[in-house]
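For reference, the chain that follows is the form predicted alone, supplied as structure tokens.
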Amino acid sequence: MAKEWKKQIRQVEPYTPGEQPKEKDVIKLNTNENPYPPSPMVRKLLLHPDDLRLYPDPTAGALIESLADYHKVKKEQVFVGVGSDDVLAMAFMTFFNSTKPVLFPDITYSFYDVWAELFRIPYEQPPLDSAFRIRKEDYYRENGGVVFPNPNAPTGVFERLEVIEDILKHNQDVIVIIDEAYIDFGGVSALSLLDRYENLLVVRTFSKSRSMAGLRIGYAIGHPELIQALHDVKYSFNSYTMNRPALEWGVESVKDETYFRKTTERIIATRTWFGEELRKMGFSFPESKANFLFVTHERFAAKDIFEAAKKEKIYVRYFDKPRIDNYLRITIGTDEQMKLFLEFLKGYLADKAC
């Protein structure tokens, strides 16, 4: 007989992150981490262990001010959190409270439906077209909010600002969240639209382009009223969400624009070269503005390649989901890592062709 208390447990299908291998000497191209270290300014900053006995600044004032200066906005327009996942979760709780469904694509960041289920937010997922692009007309319908990444994950497809603005024009009574986790790898930010649309919230992360996934730093920029609402929700249950090292190292990272540009440009160059090599081998993929490629092959199954690569200690991401179950998401690593992966692929395809 089922215990009565079990009926009160909230049932949620959790988000499944990319595998974190325990073995050493692997080529890890499955979680979109930056292959290069963070700024030397971060590495040179010495933190005193005694400082760790003290609570961090609950307002994250120094980091917020640094980000406001960098993006040329007011500090009242910036909210920071423990990675962009934390920021997005806060935004879901804060802004998506209608009985109408929130809209996000059918192929997108797979945490969105998890948060919607967890917070009991109704949602619908308009399908991307055959080229994995958003059909903006699908977002003209009545809804309780809109959220999507740009560039999209896991496809890497970037939607032009004209598309973003069109969606904003048709959704001025709800909050529209643009998740720009990968914007620094070739896209154009929606931040330029903030002055015209008070209902726009842009979310960013330090995990990808700033090589700081291990510190968990994310932030949002929007109208001061939206940011104040996010702070009210945050302070309702935990004032001290950001730790002292993250706050201090985050400030140092923002200061080093030269290094930031150098590493992102390096990844973009590797992405271009690697993509050209893949096409020579029969792979195809949509144009990516992210730090990964979303690839498929005309003759060889993605799942088989994924499993064979894993045996060789090369980790890429495979999604066993409708419409994308014959694609691999491949993070762009160093040139050396990508060359080794290409060698594996050449050998694999040659063996299978025999």
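Everything numeric here is computed off the predicted structure, so don't read it as measured data. Sequential numbering from 1, following the sequence displayed.
There is another form of the same protein, the form predicted together with a small molecule; it is not shown, and what comes next is about it.
A.B. asks: So which of 250, 222, 149, 156 gets a non-hydrogen atom within 4.5 Å of the small molecule in the predicted complex?
C.D. replies: Exactly one residue meets the criterion: 149.
A.B. asks: State the residue from 200, 181, 91, 80 whose non-hydrogen atoms include one within 4.5 Å of the small molecule in the predicted complex.
C.D. replies: Exactly one listed residue reaches within 4.5 Å, namely 181.
A.B. asks: Quick one: which of 168 to 176, 222 to 230, 208 to 216, 240 to 248 gets within 4.5 Å of the small molecule in the predicted complex, going by heavy atoms?
C.D. replies: This holds for exactly one stretch, 208 to 216.
A.B. asks: Taking the small molecule as it sits in the predicted complex, is residue 109 near enough to touch it, meaning that at least one heavy atom pair lies within 4.5 angstroms?
C.D. replies: Flag for residue 109 set to yes.
A.B. asks: So, in the predicted complex, is residue 344 in contact with the small molecule at a 4.5 angstroms heavy atom limit?
C.D. replies: Because no heavy atom of residue 344 falls inside 4.5 Å of the small molecule in the predicted complex, the answer is no.
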